[in-house]
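What follows is a single chain, given as C-alpha cells, in the form predicted alone.
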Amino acid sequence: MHQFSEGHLFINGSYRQGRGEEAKRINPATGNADETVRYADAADVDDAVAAAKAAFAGWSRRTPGERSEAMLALAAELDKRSAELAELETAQTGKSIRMSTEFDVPGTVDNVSFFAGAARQLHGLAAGEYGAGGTSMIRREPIGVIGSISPWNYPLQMAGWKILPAIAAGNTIVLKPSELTPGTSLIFAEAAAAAGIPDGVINVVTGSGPVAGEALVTHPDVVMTSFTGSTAVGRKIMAMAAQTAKRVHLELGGKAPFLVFDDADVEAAAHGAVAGAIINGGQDCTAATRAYVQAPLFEAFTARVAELMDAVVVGDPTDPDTDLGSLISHAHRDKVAGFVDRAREAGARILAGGAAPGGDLAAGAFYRPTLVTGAAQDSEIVQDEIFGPVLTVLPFDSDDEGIALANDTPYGLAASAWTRDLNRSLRASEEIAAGCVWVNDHIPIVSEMPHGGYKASGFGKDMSVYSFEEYTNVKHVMMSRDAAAHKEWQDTVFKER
C-alpha cells in the first residue's frame, strides 16, 4: 500500500512534505498507527494557490475537447489503479472492501468519464436578437482558482465531486481533504498528472481545518469555496468566505426520512431501510436515519428490520464477507454510542444492536447496526445527525402526518417514500423538502443526476451538468448591428438639438 514517503501534499505536479505539525494516521479498524503525516501550514497553502493561479491561464484556454481528452485519460489511469485505490480507501476509513471495490472506486471512474463528456457540453442560450438592432449571445467561462474541502466519509468520491466539475469547466483547484483520509485524494492528483493534466491544475494540501482549511477559504486568490461536511462547520465556512466575498457551495448535513405508507411492500422496505441505514457505516449524509411507518405496518416492519440487522456481518473490513466495517475513529464511535445510550435512558427501546462488539473487534472503532423505537419526535436521536449505523422508527397515522414528520427537521438533503400508489409517490416527491426523493429505493446515485440539499443541508449541486452553475460565470455579450452614430434609445438620456 502507498506510504507517501515524499509527503502528503501534491503541489504543482509533485509530492512534498508539509511544513506544519506532525500527526499519526490511525487505522480505525485496528487502532494501530499506519503512518506519520506532516500537515500543510498557511505557507504551503500559499504555494498551492500560486501554482493553481499560474496554471489557470493555460488550462482555461484549452478547448473543451482538449480538456475532455485529458479527463478520459485520467479515468483510464484511475481504473488501472482501482485495486490500489480500494485497498487504501478501506485502510483509511475502515469501510468494507466490498464497498470500496464495488461502489467508491467504480463510481469515481464513472464520474470522471461523465465530466469528460460534459466538458464538451457547456452551452448557453443560442445567439439571437432580443433587442432592436443588436445580437446577444451567452458565454460560459471558468471563474479561476477553486479552494475545496472534502470530508472523510467518501474520500475518493468526494475528491472527484470537487475536482471534476471545476477542471472540466476550465478552472484550477486546491483541494484540502480530511486529514484523516488524504491518501486516495493524493493518488487522484498523481493519476491526473500521469494522464497529462498540466502541473498546477490539481493540487492537494493535507492539513487541519483551523490551519490549512482556514488559509484556503480566506485566501484572496481563491474565488470560490466548495465544502462538504457538517452544517455547523458550513456556517463558519460561509462567514470566512464572506471576508473576501467569494462564491460558496455547501453540501452539509442530512437526516433523511424513510417514509413507509401502509400499501408498501414490507419486505422491500425493510431491506431498503437496512441497506440505507448502514451504508458506509451510516456515515453518509443521505443515509436512512429516521423511518416513519404507517401504523398498520409498523410492527411487521420493525420486526423484519431487527431480524435483518442482527444478520449483518460486522468484522474485518478487508474480508470480502464483511458487510459492515469500522467507523472512522474511536472518538466518533463513542459519539454514535452516546446518542443511543441517551435515547435508551430516555425510555426508547433498542430492538437490535445498541453496542460495540467485543472479542477480536474490541480494538477497532466498530458499532453494531442499531434499531431504535419509542423515541420522541423532538429528541436528539430523531432531530440531530448521528452519522452512524443507527435507524430510529416512529409510527404515523394519516398521510398528512407522515409527510409533516418527514419535513420536521432542519435538514433537507435526501428522503425516500415507499408505496405502490402513484398519487402517494407523486405527492411525497413534491411535498418532501429535500434535494433528492427516492421512491421505493434509498441511496442510489448516478453521475448524470445532481446531488445537493435544501434548508440546513446547504445549496449548490455536485455531479451532473447542474454542477457547472457553481463553477462558471455566465457572461452576456451584445453586438450592435446598427451602424448609425446615434441610436434611438439614447434619446432617453440626452437629445441632440
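All residue numbers refer to positions in the sequence shown, first residue = 1. Computed from a predicted model, the values in this text were never measured in an experiment.
Quick note: we don't show the form predicted together with a small molecule, though the next part is all about it.
Contact with the small molecule in the model of the complex, judged by any heavy atom within 4.5 Å, is made by just one of 388, 253, 276, 200: 253. The partner is absent here, but in the model of the complex a heavy atom of 209, alone among 374, 395, 209, 107, sits within 4.5 Å of the small molecule. For residue 90, no non-hydrogen atom is located within 4.5 Å of the small molecule in the model of the complex, even though that partner is not displayed. Though the partner is left out of this view, residue 272 does not reach within 4.5 Å of the small molecule in the model of the complex, counting heavy atoms only. Although the partner is absent from this view, residue 224 stays clear of the small molecule in the model of the complex, with no non-hydrogen atom inside 4.5 angstroms.
At a distance threshold of 4.5 angstroms between non-hydrogen atoms, residue 150 is in contact with the small molecule in the model of the complex. Using a 4.5 Å heavy atom cutoff, none of 75, 102 and 187 lies near the small molecule in the model of the complex.
Here the chain stands alone, but in the model of the complex its contact with the small molecule, taken as any heavy atom within 4.5 Å, falls in 244 to 252 among 244 to 252, 259 to 267, 288 to 296, 351 to 359.
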